[in-house]
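Listed next as structure tokens is one chain, alone, in the form predicted on its own.
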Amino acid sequence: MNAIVTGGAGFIGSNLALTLEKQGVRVTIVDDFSGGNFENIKNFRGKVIAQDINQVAWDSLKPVDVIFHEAALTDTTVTDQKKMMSNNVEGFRKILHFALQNRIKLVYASSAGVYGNEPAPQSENGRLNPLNIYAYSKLVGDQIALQAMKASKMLIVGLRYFNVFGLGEKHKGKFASMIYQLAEQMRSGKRPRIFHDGEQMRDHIYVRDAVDANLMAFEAKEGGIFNVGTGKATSFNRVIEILNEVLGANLSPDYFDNPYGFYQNRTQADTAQAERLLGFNAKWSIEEGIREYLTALHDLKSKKAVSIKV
């Protein structure tokens, strides 16, 4: 089988590309390395095309059985609407056109950001209310995909990721998951900084589960757009409790005021549709995911600031 993974040097893309390669799939990564990192794919031995998705000569990559489209500008603080829409919408449109013209299965990354602050749990059939240009770009992508599904009857699957965490996100810096950021603060002995009063909640899903959702999407018998989450919301206060347990620390939160007007107060996936049509159900609890993640981080970085209980 031949697969393309766009954004394959990024967080979810690299985890997916490496998993596919281990399964014997011939994988081509397309990534311009503007948001990815070579360290994520040092063990990858397939083909790498270092180009912007808007510049790739897609027809030269045939034959292709499936495209996993993970490439995107994901910085939610970007206010350059033209740049965001060009990257996330027009780039997606080119990939979609290539897939449709060649009858290639397409699995692409959407985002729970399309729900904004709609009441939890957020459902695929509920109201969509993006709060920033990034989330809006993902909404437009979903609309384009839905139109193509109806017109072509092709297998196109959109995955609305909730809050993914795990190995491969370090390069994202301040845009990495809050689990990573809080863990790094605490590993260095600092009190973890979170918005007052720490009861904001997120549906944190481990990257291994996000990869499984992609693999199940490829095997799906019908297309659609599906939430990829655990179905459970965890407060940041609870995340800090878990981190303290795993790190063997006892650091209390350092609360500060939220400066953002577009902040989502609670994300929680309605997972019924993904369970029914994809067979997807997250296997990793947040506690299990954090423990494995931080153990792996500790092994990679060999830090001695805080000992990890394993």
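Predicted, not measured: the structure shown is a model, and the values here were computed from it. Residue positions are given as counts along the sequence shown, with the first one as 1.
One more form of this protein exists, namely the form predicted in complex with a small molecule; it is left out here, but the text below deals with it.
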Exercise. Quick one: does residue 289 come within 4.5 Å of the small molecule in the predicted bound form, counting heavy atoms only?
Worked result: no
Problem set entry | Contact flag, residue 171 vs the small molecule in the predicted bound form, heavy atom cut 4.5 Å | yes
Problem set entry | in the predicted bound form, residue 253 touching the small molecule (heavy atom, 4.5 Å) | no
Problem set entry | residue 122, heavy atom within 4.5 angstroms of the small molecule in the predicted bound form | no
Seminar exercise, completed: Of the candidate stretches 106-114, 124-132, 229-237, 146-154, the one with residues having heavy atoms within 4.5 Å of the small molecule in the predicted bound form is 106-114
Exercise. Within 4.5 Å of the small molecule in the predicted bound form: all of 180, 192 and 244, by heavy atom?
Worked result: no
